[in-house]
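Just one chain follows, in the form predicted alone, and it is written as structure tokens.
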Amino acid sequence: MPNILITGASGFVGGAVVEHILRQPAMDNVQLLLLVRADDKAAGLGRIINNLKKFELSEKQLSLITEDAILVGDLAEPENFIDDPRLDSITHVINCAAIASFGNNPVLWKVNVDGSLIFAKRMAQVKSLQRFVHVGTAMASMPDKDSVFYEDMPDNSHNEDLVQYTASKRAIENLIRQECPDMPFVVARPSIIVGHTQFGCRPSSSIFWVFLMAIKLKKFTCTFDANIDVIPVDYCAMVLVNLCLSDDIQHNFYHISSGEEMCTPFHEIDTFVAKAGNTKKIVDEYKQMSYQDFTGIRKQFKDILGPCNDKIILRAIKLYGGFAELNVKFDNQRLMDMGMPKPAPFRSYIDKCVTSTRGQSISELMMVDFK
């Protein structure tokens, strides 16, 4: 029986991983242990259940998670949970936990690198461990502009990280490989995760607000034809579980991406957002602008976007605009070779993302990425 430890289960990707497992008919043959920050098991269970409710699981499915499945702990302070004896019977790990903020979070490196390494070293000592799947980010490769990044390519050391988050995710991958060479370690690097194919942005509004902001402003840093490598969170979760449990893993590194063929051009996002919201497309009014140009119109943000902090909006434009300008695609051939299905195209569920964010301001939606 697989005994799976999942970190980050109170978050977006980790919650989707638990959702995927709970929806499987063979759930009776899987045992879960969920690492969660809380004062005690009861509070930890409450956090997990509240997060899973966003995925519209049934009460019967939710009841499968009990206090026995809760491991109270924080990767910022791994010494407080790594001696738990339940870790010694774990067979599989899906490590989703991280500070994913693009803001200046003071504990980002402490959690994403220092604490994660201590955790990995502890799990490397577990004799029953069959696989440790670590969730990174495709942007940690520091891809060249207007490129396709293939899975057998080394990370580009000649480019700079746009944010510390990507630097931290690359650093922990390298450290685990160096210091836990015998651990069955597999890295999964997702591209841009936006929404859920069934529930839109109800589980999280992460990243989707960037497209809404650009459409409302009718301006952004990329061209209108730029391609966005977007995947839904439920596809990402399905792949992570398969990478974790599959007996046929040929590589220690995989992209979870839309691939070269399935990327979504920005003008198509505009088309389907307009269709879902019964609004006018901005195709004839869109203007590509530099970050410097945006600084000159910052006083217009509140008139266009509603109540907002123009400094935070500018920071968002600088950060996300930097990624958008790259116009990069990530190859996913290794998943295709495993027989994995292609992800649902973004256009197929944009309507659900629009519906699930209706009535919320850009400022409200973006806070999930600036915590």
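What you see is a predicted model, and the numbers here were worked out from it, not measured in a lab. Just count from 1 along the sequence shown to find any residue number.
Not pictured, yet referred to below: the form predicted in complex with a small molecule.
Partner-facing stretch of 208-216, 161-169, 260-268, 144-152, counted where any non-hydrogen atom is within 4.5 angstroms of the small molecule in the predicted bound form: Heavy-atom contact with the partner occurs in 161-169.
Report whether the minimum heavy atom distance between residue 191 and the small molecule in the predicted bound form is within 4.5 Å. So residue 191 counts as contacting the small molecule.
Can you work out whether residue 47 and the small molecule are in contact in the predicted bound form, taking contact to mean some heavy atom pair no more than 4.5 Å apart? Result yes; residue 47 sits at the interface with the small molecule in the predicted bound form.
Interface membership of residue 350, the small molecule in the predicted bound form, 4.5 Å heavy atom rule: No.
Is residue 13 close enough to touch the small molecule in the predicted bound form, meaning at least one heavy atom pair within 4.5 Å? Judged by the heavy-atom cut-off of 4.5 Å, residue 13 is in contact with the small molecule in the predicted bound form.
Which residue, 76, 238, 245, 249, is the contact with the small molecule in the predicted bound form, using a 4.5 Å heavy atom cutoff? By the 4.5 Å criterion, the partner-contacting residue is 76.
Pick from 289, 99, 82, 117: which has a non-hydrogen atom within 4.5 Å of the small molecule in the predicted bound form? Residue within 4.5 Å of the partner: 99.
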